[in-house]
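This document opens with one chain alone, in structure tokens, the form predicted alone.
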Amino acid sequence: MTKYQKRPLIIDTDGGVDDALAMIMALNCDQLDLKAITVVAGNIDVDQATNNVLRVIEIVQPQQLPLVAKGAKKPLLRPPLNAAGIHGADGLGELSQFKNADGSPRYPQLTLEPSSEDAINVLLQAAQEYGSELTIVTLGPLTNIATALQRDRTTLQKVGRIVIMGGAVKVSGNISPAAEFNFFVDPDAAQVVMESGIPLTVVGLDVTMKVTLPLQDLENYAQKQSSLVSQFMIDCTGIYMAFYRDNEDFFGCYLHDPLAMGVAIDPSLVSTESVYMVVETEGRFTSGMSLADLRARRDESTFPPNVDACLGVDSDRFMKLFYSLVHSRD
């Protein structure tokens, strides 16, 4: 029996569009006690990503405000790489373009501010305080988690589970033929986390590419559920969906990060396989590739399974959960 009525959770995010949708789910979920949101550079620089997190919190207006803390400004060993071309210059669909009928900005200046605490310390303090009860959901590159492991491995190893949006087991990558974006941005951090000994669930492209949000469905939903949250969902996904329309002939978007949040809430949404996984850090063409050993091995003592890799998903049940949690409190 858990000693907490709600499950303590930390989100580690790089503040992009699908991150925002995942955060809305968590902020509205009665089963979760969202203690903190730690921010990492990825989709956009860490300062802008932090503003995006605060923006989502202001829009949702949860009863309890999670602490928001900035973390790594760049990957462990590599130069930063962002996805502004996909998520918009602000990482959130360029919200400054939207105006109210009277010409005032639809998304005015933020009133919330981040904590002065360092994200790495926040992660370690939560691991110390909540131990095996704590779940961390990572939605961006794993730089903050790897840094926390390097700073105090023993403390972070107390965490119950890390649910990671990242990687691709049996399918191609999305930033290169070999690699998914989060692992590609900081493969060195991803490999540190693979070697952490913490229970890991990897929610990769094998399953996230099977959960889609077509524009038409979102517009229908926003019409039925007219609110600040549904308006924000339409606004922030515009550039993101246009990218998929132009590049994949699909007018909508994949729900990569929301599915990772869904798995943290209800693990039965996916089927998993326990595998030994490494992340390629040296490859000229394969940097960031998540390599899972899918061989039928009798002796797994040399390379024991270190992740539960998600390979199947109940898309319909996930979409029901998604829509049930992205409502507005107003």
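What you are looking at is a predicted structure, and each value in this text was computed from that prediction instead of being measured. In this text, residue numbers run from 1 along the sequence as written.
Not pictured, yet referred to below: the form predicted together with ligand RIB.
- Stretch 254-262 is the answer when you ask which of 220-228, 254-262, 122-130, 101-109 has residues with heavy atoms within 4.5 Å of ligand RIB in the model of the complex.
- In the model of the complex, ligand RIB lies within 4.5 Å of some heavy atom of E180.
- Interface residue remark: N174 is counted as part of the site for ligand RIB in the model of the complex, having a heavy atom within 4.5 Å.
- Under a 4.5 angstroms non-hydrogen atom cutoff, ligand RIB in the model of the complex lacks T38 among its neighbouring residues.
- Mapping the unseen interface onto this chain, N43 counts among the residues with a heavy atom inside 4.5 Å of ligand RIB in the model of the complex.
- Checking L142, A148, M165, A72 for any heavy atom within 4.5 Å of ligand RIB in the model of the complex turns up a single hit: M165.
- Within 4.5 angstroms of ligand RIB in the model of the complex, the stretch 13-40 places a non-hydrogen atom from each of D14, D18, D19, taken in sequence order.
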